[in-house]
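This document opens with one chain alone, in structure tokens, the form predicted on its own.
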């Protein structure tokens, strides 16, 4: 399963901003292609959908859309590739993935049926306890 990303290498430097941008798009495609593998490895089908994970990956990339220095983009691309390799090679545990990428996102909320049951105290607890 790790073979989908295992041999992805980041070249040392991008010659221009256009090349760096193309490489970011290639990384995004690779990350999106590895989402089914990630969902299978970590068994997170009950928490998040592939579409939601794809939007999380896109939002993580968009966080740095203001950067225009190709060397900085290359460094961020290297860090992203290493993170993806760690996830696909199962170097993280399920709760690491959920805490870092799933919980606390405004587009992803826990099951609303469990939130509506219980007292006002529990509703406040569930609202504030998701990172």
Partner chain sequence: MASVTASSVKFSSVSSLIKQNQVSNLKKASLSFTGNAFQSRRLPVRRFHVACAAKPETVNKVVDIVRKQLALPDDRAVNGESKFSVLGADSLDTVEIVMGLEEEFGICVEEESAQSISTVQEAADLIEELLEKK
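Predicted, not measured: the structure shown is a model, and the values here were computed from it. Numbering follows the first chain given and starts at 1.
Unshown form predicted together with its partner chain; subsequent notes refer to it.
Residues 21, 50 and 54 are all found to lie within 4.5 Å of its partner chain in the model of the complex, as judged by heavy atom distances. Listed stretches are 40 to 48, 67 to 75, 80 to 88, 22 to 30; the contact stretch with its partner chain in the model of the complex is 22 to 30, by a heavy atom cutoff of 4.5 Å. Among residues of the shown chain, residue 103 is not one whose heavy atoms approach its partner chain to within 4.5 Å in the model of the complex. When its partner chain is considered in the model of the complex, residue 62 lines it closely, a heavy atom lying within 4.5 Å.
In the model of the complex, at least one heavy atom of residue 58 sits within 4.5 Å of a heavy atom of its partner chain.
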